[in-house]
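Consider the single chain below, provided in structure tokens and representing the form predicted on its own.
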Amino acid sequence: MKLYYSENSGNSWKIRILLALLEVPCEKIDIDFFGKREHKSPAFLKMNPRGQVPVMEIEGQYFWDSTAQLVYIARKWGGEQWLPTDALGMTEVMHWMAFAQNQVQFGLQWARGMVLKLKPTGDFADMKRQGELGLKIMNQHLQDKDWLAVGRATIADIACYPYVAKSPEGGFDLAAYPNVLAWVKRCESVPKWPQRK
């Protein structure tokens, strides 16, 4: 199994978190985004025509979506802990996985990309609105809960964590969302959770 990733990619970070938590052996190949732009090379585009990281080579197939990669790792090595198989539990987790691909991505992730000049175009005001809505929803949800789904840490938390944790880089103030800030710290206190760089 191989992971093609970039240090600056929050989506890559999700995969590295779960691999670390479950102590799954995986060959990691750091893709040079900003110098050689290896993610746009013909060889890379054969693995992922979208030209993005992370990409995982699993059993001779390439998967370029971090959600699919998290599901595979959780089911293969995580038992029921990280992705439950009962219908309601799985639905709870997937509910927040979808959230990570909406307000978190289109708000927090893209606003950070604009500020750091990783994403050169877009409506920054709309990204801020989407991000603030996402943080407000999470803050309300976490008012009486420690975790996003099923009462424990799951891949739902891992899917949302990187771009929430790095949201101040996009101009968001996590101090205004104390339940979210406490959740970020709770994630980071999970044994073997890799520390932010």
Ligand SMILES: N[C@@H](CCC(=O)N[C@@H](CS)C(=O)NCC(=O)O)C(=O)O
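Everything numeric in this text was worked out from a predicted model, so none of it was measured. Counting begins at 1, following the sequence as shown.
The next section is about a form of this same protein that is not shown, the form predicted in complex with the ligand.
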### Query
Taking the shortest heavy atom distance, is P168 within 4.5 Å of the ligand in the model of the complex?
no
### Message
Is it the case that Q101, even though its partner is missing from this view, gets within 4.5 Å of the ligand in the model of the complex, heavy atoms only?
### Response
yes
### Message
With a cut-off of 4.5 Å between heavy atoms, is V53 one of the residues that contacts the ligand in the model of the complex?
### Response
yes
### Message
Residue-level contact is defined here as any heavy atom of the residue lying within 4.5 Å of the ligand in the model of the complex; does T154 satisfy this criterion?
### Response
no
### Query
Thinking of the ligand in the model of the complex, which stretch from 142-150, 22-30, 37-45, 126-134 has heavy atoms inside 4.5 Å of it?
37-45
## Note on the structure
Looking in the model of the complex, the residues of 85-109 with a heavy atom no more than 4.5 Å from the ligand, listed in order, are Q101, Q105, Q109
